[in-house]
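This document opens with one chain alone, in structure tokens, the form predicted alone.
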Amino acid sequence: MTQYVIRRILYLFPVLIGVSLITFVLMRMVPGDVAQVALGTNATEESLTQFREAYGLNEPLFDWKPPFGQYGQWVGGLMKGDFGKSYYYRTEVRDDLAQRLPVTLELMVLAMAVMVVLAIPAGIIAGVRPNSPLDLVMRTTAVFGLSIPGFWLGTMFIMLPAIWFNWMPPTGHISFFSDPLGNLQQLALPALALGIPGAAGIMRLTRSSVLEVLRQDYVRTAWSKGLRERTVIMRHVLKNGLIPIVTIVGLQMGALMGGALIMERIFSLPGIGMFTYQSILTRDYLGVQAIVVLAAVVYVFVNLAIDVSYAWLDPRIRYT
């Protein structure tokens, strides 16, 4: 197991190199002049030249000689924990990420909690009682959840409370430690809008997994021993059926990262998603590149944790 984990961590380096290289090249292909966007349309040619020299924008993208062009300087800074300085805001990208990352992480954790709490119990009930009226309701609800776009759901969660109750969630960011209730009021609706579409897919997968495990011989043996239904479901069915569910929950991390950008824009949350949106509009290369690399690191480690959990869920799985 230890060797497997070390090997997977080592795989992170080629992944990061590929992600950073692709992101770096694609961002440079975006139309527009970074200096012009940062200084405004009234900037003089002299000020534009000084800006490019100050931020190294007049250097080649790649170079075989130290410091190896703009890409080499950026990667060298990443290795030291330096993400560079924002072209548009003139602030350290590292400080911006440190300020905004807790908002996005909290939103993603709440959305993941919505997925798990809504999807897994509903999927178990639907799988244990197939073709029952309750199963029909669960499946129909799941189809609606998969059909509804997240951005539309988030928009409705803002408009309908405002129309019906003259209430809207607070804007900005309220720290959980300073005001837990205000923090929940602010993040509950975007977390629901972000988590419901994913919960629908997980519910359908949970139902299918439970139905498949119920047909296994060891489950029939457990029934024949006279064990209670709750014991059979919790001890034999659920644990053995969790592997595909855990897999899809991990893959949902990527969807949550992308959905956070939209939800933070709709609900005016100052998180990573809003920062990404603003960085793209202002051609702030370093901000977008840092966020993409950070997302790749999180995604790799989440999937590593999921792979390791397989051995705990199913003792027959061994990593050698």
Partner chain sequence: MRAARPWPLTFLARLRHHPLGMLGLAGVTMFLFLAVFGRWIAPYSPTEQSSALMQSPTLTHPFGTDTLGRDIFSRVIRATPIELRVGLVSVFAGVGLAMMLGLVSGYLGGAIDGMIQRVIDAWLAFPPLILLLMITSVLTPSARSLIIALVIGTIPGTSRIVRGAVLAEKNNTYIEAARVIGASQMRIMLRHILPQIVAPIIVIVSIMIPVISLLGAALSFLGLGLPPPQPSWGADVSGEAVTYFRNAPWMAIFPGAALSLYVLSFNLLGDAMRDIFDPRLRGSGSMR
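In this text, all values refer to a predicted model and were calculated from it rather than measured experimentally. Residue numbers count along the first chain shown, from 1.
Form predicted together with its partner chain: not shown, discussed below.
Judged against its partner chain in the model of the complex with a 4.5 angstroms heavy atom cut-off, the residues Leu97, His173 and Ala305 are out of contact without exception. Contact with its partner chain in the model of the complex, judged by any heavy atom within 4.5 Å, is made by just one of Thr231, Gln73, Thr247, Ser208: Ser208. Of the candidates Ala255, Ala43, Val37, Leu57, Ala255 is the one whose heavy atoms come within 4.5 Å of its partner chain in the model of the complex; the others do not.
Residue contact with its partner chain in the model of the complex: Tyr277 places a heavy atom within 4.5 Å of it. In the model of the complex, none of the heavy atoms of Arg90 sits within 4.5 Å of a heavy atom of its partner chain. Its partner chain in the model of the complex comes within 4.5 Å of a heavy atom belonging to Pro149. Within this chain, Ala311 is remote from the site of its partner chain in the model of the complex, having no heavy atom within 4.5 Å. Stretch-level contact check against its partner chain in the model of the complex with heavy atoms at 4.5 Å: of 179 to 187, 117 to 125, 104 to 112, 137 to 145, the positive one is 137 to 145. In sequence order, Val19, Ile22, Thr23, Leu26, Met27, Met29, Val30, Pro31 are the residues of 19 to 58 having a heavy atom within 4.5 Å of its partner chain in the model of the complex; the partner itself is omitted from this view.
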